[in-house]
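Okay, so here's just one chain, in C-alpha cells, the form predicted on its own.
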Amino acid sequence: MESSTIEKLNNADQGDPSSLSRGQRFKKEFKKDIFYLIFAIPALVYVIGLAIVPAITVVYDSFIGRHGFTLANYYALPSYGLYGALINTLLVSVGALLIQLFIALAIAMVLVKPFKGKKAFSTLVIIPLGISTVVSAFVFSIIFQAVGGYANSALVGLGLRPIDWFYTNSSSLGVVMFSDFWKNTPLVALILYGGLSSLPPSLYEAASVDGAGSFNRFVHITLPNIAPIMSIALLVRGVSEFNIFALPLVIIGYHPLILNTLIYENYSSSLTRNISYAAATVLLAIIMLYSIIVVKLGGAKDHVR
C-alpha cells in the first residue's frame, strides 16, 4: 500500500496525466496550446492581414455600384470577355497541371533510383525554379518569335515550314502552357520525390516475390501510397496555376484574355475597378471549389493514423 501511494505521488510530481485531476489536465493543456499559439501569431497576422481581409474586402466591393449594393458588376462581366477568359484560364491551368504531374512523376521516379550523374541531373532539374518568372517569360517569347525565333529556326533546320506561334488563340495558349510547364515542373517533381523516398522498399520486395511486375507495382503500390502527396502537389500548383499572371502578360499580353489579365486590365481604371473585383471574386470561387475537390479526392483521410 505504501509503495503504491509513493508511486502515485512520484507520478504526480513528474506530471503524469493519469494522476492529475480534470481541471489540472485542462490547465496544463491550455498552457501548452497558448505556448504554441504565441509562435503561430506572426503567421496568423500575416494570413489575416494580407490574405483574408483583402479577400473579404474585394468580395464586398464586387457588389458595390453607383447606387449601392448591386449585382450589376456580375451582370456586366460577360461583356468584358468573362466566358472566354474563363475557358482560357481553365485550358492553361488544367493543361499545365496535367503535363507537370506526368513529367514530374517521371522525373521523381528517376531521382529516387541511384545512378551515376544523379547530382548533375538533380541540378539541371531544379534550375528553372531559380529563374524569375518574368525572365523565363521573356526568354520563351524570344524562342517562339514568328521571325528569327529559336523554335522556328529548329523547324527550318529539320526541313519544316516555320510557324506563327501567336497567330491563333490555341497556339498562343499552348506557348503559355509550355512555358509554365518548364518553369514549375521542378517544384512538383521535388514534392513527389519526397513522397517516393518515404516508401519502404519492403513493399516492392514483397510484391516482386508475389510475382508483380513493374507496371502492377506502380499501379497498386506507388500510386495509392503517394496519392496524398500528389494531392498536396496538385493543391499547391493548382492554386498558383489559376492565379497565373506574369507569364501570360509578358508572352501574349491581353490577347487572348485569361482571368487575371482581365482583372488587371479593368483594375487600372477607376470606372471599371468594381468589375475587376467581380472577376476576382469569380476566380476566388473557382480556386475554392478546386481546393475542396482536390482535398476530397486526395485520399489523405485514408492515410491518417
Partner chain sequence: MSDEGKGHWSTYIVVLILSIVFIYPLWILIIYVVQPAYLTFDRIYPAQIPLAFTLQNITQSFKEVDLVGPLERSLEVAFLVGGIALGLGIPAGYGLSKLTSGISNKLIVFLFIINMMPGLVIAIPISIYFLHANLDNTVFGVAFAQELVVLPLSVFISLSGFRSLPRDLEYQARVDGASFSSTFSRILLPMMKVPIMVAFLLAWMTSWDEFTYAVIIAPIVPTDSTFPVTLYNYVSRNLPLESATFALVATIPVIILAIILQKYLKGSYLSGGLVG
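All values derive from a computational prediction rather than experimental measurement. Positions refer to the first chain, counted from 1.
There is another form of the same protein, the form predicted together with its partner chain; it is not shown, and what comes next is about it.
Listed stretches are 82-90, 137-145, 166-174, 69-77; the contact stretch with its partner chain in the predicted bound form is 137-145, by a heavy atom cutoff of 4.5 Å.
Taking non-hydrogen atoms only, Ala246 approaches its partner chain to within 4.5 angstroms in the predicted bound form. In the predicted bound form, its partner chain lies farther than 4.5 Å from every heavy atom of Gly95. Its partner chain is not drawn, but in the predicted bound form it has a heavy atom within 4.5 Å of Met288. When its partner chain is considered in the predicted bound form, Pro224 lies well away from it, no heavy atom lying within 4.5 Å. Contacts of stretch 222-247 with its partner chain in the predicted bound form, defined by any heavy atom lying within 4.5 Å, are made by Ile229, Ile232, Leu235, Val236, Val239, Asn243, Phe245, Ala246, listed in sequence order.
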